[in-house]
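Next comes just one chain, in structure tokens: the form predicted on its own.
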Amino acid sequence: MNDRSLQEARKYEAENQDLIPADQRPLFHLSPRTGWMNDPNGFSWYKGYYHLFYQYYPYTDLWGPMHWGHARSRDLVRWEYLPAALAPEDPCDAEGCWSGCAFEVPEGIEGLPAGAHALIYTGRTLVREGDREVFHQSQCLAFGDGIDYVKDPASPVVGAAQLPPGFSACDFRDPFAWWEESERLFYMGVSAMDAEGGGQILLYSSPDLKSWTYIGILEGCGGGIGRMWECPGFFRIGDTAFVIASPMGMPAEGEFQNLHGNVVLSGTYDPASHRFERREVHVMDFGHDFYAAQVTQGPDGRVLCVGWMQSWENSPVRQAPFRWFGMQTLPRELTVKDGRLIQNPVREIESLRKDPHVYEGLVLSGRLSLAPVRGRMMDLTIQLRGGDYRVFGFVFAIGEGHESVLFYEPETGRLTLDRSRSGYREDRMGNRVLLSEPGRRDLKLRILLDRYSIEVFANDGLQTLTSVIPTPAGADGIAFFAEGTAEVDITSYELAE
């Protein structure tokens, strides 16, 4: 390897990783080896490990020229840091190695190293257009062995020349690719912006990853779901096809509450015509902090998803003098029920469970603390059975003048996370509301706490809500409350190595 920028990054991260105490990090959510983390990249299974790359700037906890950080895991909850995989330096990516995908190269493709780990990513360069300089984006290629990666000299493999009329290379990024064995072809979707400022996913095909043909538009905003669609993805579960994306400039209405949002579209896909027909559109996660989701298939056939657990709106805000910033969500298992996407925590999280406490048939009125149920790394299931309650609430991270509150109002079906006392000195985002069925009183919640975050899975994963909680880790109190009388079962586990 002759990449000076990459070698410098690897040297820096190796020297600085141990300066971050283990008890300062989350337990089972991947955080950066050092410095800044944003989008997950290249989520894939390769040579006995799940690999997860991420947008990365190792030198400070602020966004900078994008590198690819790298970690791997056998079980999706215990992660091993590997050396950085990509750094900006080549002509195709001198201004940053941006988001992309990874997969194992199939056998029998002329000119490709069979069995290698292929990375397709967006490279950004500065070019002159007339009397001004602008950033152009193109899609680049690298191959590796799971540790070291070499950029292919054919890069960029898709650039401005392969764009259809009306699209600009200034907004052309975040490729995702898949292999269709029956056709012996690769397909790749890339996010782009049309002349009217609408986000579209452009679809390409290739026999060899290096020569790509434009096919058409897979999906797009249609004038109503934000603007640029960042970090798109496509996958199928059974007969249902899904398109996911993170639109910028989302309208604050209905399910959509974040300016930089997330969306999942369900429908059908015809591989002959390459047409996706959308059926339903929903927010993928109702929380403050879920963006740039990536999907892969595990060796056991499970469809798995991970997202960046942070919002761009609050990314300038710092709550503690840490040497790292940004986390990934716990990977999720994706299934389908009645055409809707279902998300649940990967089952491997149960390997961290200890000290179970089970309370069945509690009749709750007012506020209650259960002495053994406290902490910031927990797996809780709350089953509301009914009652005449007007509000049911779960209060956590209590202490040092802070508390965060998750509360449910059955009349409206609204589950609200209030983090106004969570520790943000300048929170730029208000409450987040998960919309359930009005009048429903038998709500089921699975709640995962991991030092600085909460992930909520409602009604067996039909809806989710993910948010960062910056409260100091010593605030570990937990309480429950009801206005009126609620009948509830509670099961809690401490999570630890």
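The first residue of the sequence shown is number 1, and the count goes up from there. Predicted model, so just to flag it, every value in this text is computed and none were measured.
What follows is about the form predicted together with beta-D-fructofuranose, which we do not show.
Q: If you check in the predicted bound form, is residue 394 within 4.5 Å of beta-D-fructofuranose, heavy atoms only?
A: No, residue 394 stays farther than 4.5 Å from beta-D-fructofuranose in the predicted bound form.
Q: Is it the case that residue 379, even though its partner is missing from this view, gets within 4.5 Å of beta-D-fructofuranose in the predicted bound form, heavy atoms only?
A: Taking the distances in the predicted bound form, the answer for residue 379 is no, it never comes within 4.5 Å of beta-D-fructofuranose.
Q: Flag residue 46 as yes or no: does it have a non-hydrogen atom within 4.5 angstroms of any non-hydrogen atom of beta-D-fructofuranose in the predicted bound form?
A: Close contact is absent here: in the predicted bound form, residue 46 is far from beta-D-fructofuranose, nothing within 4.5 Å, heavy atoms only.
Q: Should residue 256 be counted as a contact of beta-D-fructofuranose in the predicted bound form, where contact means heavy atoms within 4.5 Å?
A: No, residue 256 sits far enough from beta-D-fructofuranose in the predicted bound form that none of its heavy atoms falls within 4.5 Å.
Q: beta-D-fructofuranose is absent from this chain, but in the predicted bound form, do 55, 99 and 230 each have a non-hydrogen atom within 4.5 Å of it?
A: Yes.
Q: Of the options 408, 234, 291, 324, which one has a non-hydrogen atom that comes within 4.5 Å of beta-D-fructofuranose in the predicted bound form?
A: After the contact test, the surviving option is 291.
Q: Ok, 463, 38, 453, 31: which has a heavy atom sitting within 4.5 Å of beta-D-fructofuranose in the predicted bound form?
A: Going through each option in turn, the one that passes is 38.
Q: Please determine, with the chain shown alone, which of 438-446, 58-66, 464-472, 22-30 has non-hydrogen atoms within 4.5 Å of beta-D-fructofuranose in the predicted bound form.
A: That would be stretch 58-66.
Q: For 159-192: residues with a non-hydrogen atom within 4.5 angstroms of beta-D-fructofuranose in the predicted bound form?
A: Going through 159-192 in order - heavy atoms within 4.5 Å of beta-D-fructofuranose in the predicted bound form - the hits are 173, 174.
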